[in-house]
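Just one chain follows, in the form predicted alone, and it is written as structure tokens.
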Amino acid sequence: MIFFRKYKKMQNSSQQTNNNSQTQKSISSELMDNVTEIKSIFSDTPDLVIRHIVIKQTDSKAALIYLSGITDSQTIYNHVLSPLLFEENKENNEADLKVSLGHIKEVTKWQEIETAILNGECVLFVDEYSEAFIFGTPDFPKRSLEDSPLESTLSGAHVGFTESIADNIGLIRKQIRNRELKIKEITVGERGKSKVSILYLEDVANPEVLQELETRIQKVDVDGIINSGVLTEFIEDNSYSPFPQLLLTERPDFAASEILQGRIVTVVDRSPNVIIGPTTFDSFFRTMDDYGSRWIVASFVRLLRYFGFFIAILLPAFYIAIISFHFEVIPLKLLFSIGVSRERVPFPPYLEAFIMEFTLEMLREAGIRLPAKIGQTVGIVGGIVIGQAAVEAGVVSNIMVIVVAITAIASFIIPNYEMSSAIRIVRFPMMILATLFGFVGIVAGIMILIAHFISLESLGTPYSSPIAPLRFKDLKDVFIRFPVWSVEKRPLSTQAVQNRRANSNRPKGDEKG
């Protein structure tokens, strides 16, 4: 058995070595040899186009090769084929092909040619030439710019990221038109070859944090990065925590705002989400709409989100603890009402709570996966019809339905989907602790959560900042959003090189100048 494993390993290693040596090989000066090699590399590829032509400029035989689905055929015809087929080279310079296209590259290695074709570029082989010409003609299918489906906006820009990395970088550049906005490009994935771009302000972002992020991305060894969530799992500090340590967003204005605060944004090709880091726990409770409304209103809404966070985690656990262990804390009239409501329910409170919570999670997941119109129907049927029928059948009590409904609404208040999902998961251990130990179990669960928050880091930055470690200046934009002009410094948690971001010396009333 061990012999066969070794043999298979040697066979795979030998095959990989052969592939590497093949891609490192230089092209031939014979046109037909190169065409044969291309057919060998891209065997069983029906969308591979090989056009044999005669270049009028040099009177040479040539072959233009590209993949039809990911190249711009109009650009190829107008700017590559037309000049080569119909225009003469008046300078009579055979080594200089005249095409009306800006991006042209000469290569000699098969690996570069293979990568270029897979990236949507077209390659020109010319007979008796030992170089190939690569023309930039990519045209991958993409959708138009539209609102983010996950992050609705009230007062911000109505545009979200798409699957095109060039468009996403352009949307951020549109927000930050400054030469200090720098971009570092990294290719990740052995087979997928995903482009990853790191965006930051060179004179603001901390170089150590930037280096740490870049090192983590370069160490990723995987077949391909399908979306930003996959890359996040590779580079975040603690993958076993239910709480996200890097923030994903689909909104360009929010990403630009975080860059201006000194954070670093990572854009992954083919993904509509960008990654923001380093982040803190309070980052997941902020939206751009907070800064588009008056600070008093925004502060009220933000406090409501934190209140919703505690409700979403603790309310079912409190219900179980009170009904099972501490019913003496309930007012007598309310206790009678609960007793009447639970009179026909055959299950103990904890089992009733678990049934309802699991039902709610299934309804939520079904609503997300189904088409929008059907999903709404499932939500109405599940929430109203099934809930009412379950109460009338005596499966669950009225009070339990109210508790689950309030819990669901509270979890929807959290603006970030990743954090909202984490809360859904944490709710169940809290219910188990309440089932076993009542209030004591809930307090123990809260202490474990606090200890966990304090131990977490995001790219080396304390996750619980500015609460632990306590940083008073950063508290201006955590629970209460102070007026924007009064927040003069960038958050210390970003470890920014330049701290100043605003000046409080604003004109007041009818003052001039």
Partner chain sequence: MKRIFHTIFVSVVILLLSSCGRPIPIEDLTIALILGVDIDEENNLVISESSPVFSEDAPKNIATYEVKAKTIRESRELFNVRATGDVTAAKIQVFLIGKRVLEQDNWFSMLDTVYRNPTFSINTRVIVVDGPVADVIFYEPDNKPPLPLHLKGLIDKYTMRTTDVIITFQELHRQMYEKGLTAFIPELIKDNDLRLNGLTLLDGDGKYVDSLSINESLLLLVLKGEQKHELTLTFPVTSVEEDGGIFNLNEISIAFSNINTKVKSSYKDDKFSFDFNIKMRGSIAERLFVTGSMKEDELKKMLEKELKSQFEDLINKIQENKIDPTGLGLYARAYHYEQFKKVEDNWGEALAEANINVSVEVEIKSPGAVK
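Quantities reported herein were computed from a predicted structural model and do not represent experimental measurements. Positions refer to the first chain, counted from 1.
The protein also exists as the form predicted together with its partner chain; that form is not presented, and the subsequent description refers to it.
Proximity to its partner chain in the predicted bound form, taken as a non-hydrogen atom within 4.5 angstroms, holds for one residue of Val440, Leu304, Val381, Leu118, which is Val440. A heavy atom within 4.5 Å of its partner chain in the predicted bound form is found for one listed residue only; from Arg344, Lys105, Arg294, Lys98, this is Arg344. Its partner chain is not shown here, but in the predicted bound form it comes within 4.5 Å of a heavy atom of Lys333. The shortest heavy atom separation between Phe327 and its partner chain in the predicted bound form is within 4.5 Å. Taking the partner from the other structure, its partner chain in the predicted bound form has a heavy atom within 4.5 Å of a heavy atom of Pro349. Residue contact check for Ser148: none of its heavy atoms lie within 4.5 Å of its partner chain in the predicted bound form.
Considering its partner chain in the predicted bound form, the lone stretch of 71-79, 134-142, 207-215, 430-438 in range is 430-438 [heavy atom distance within 4.5 Å].
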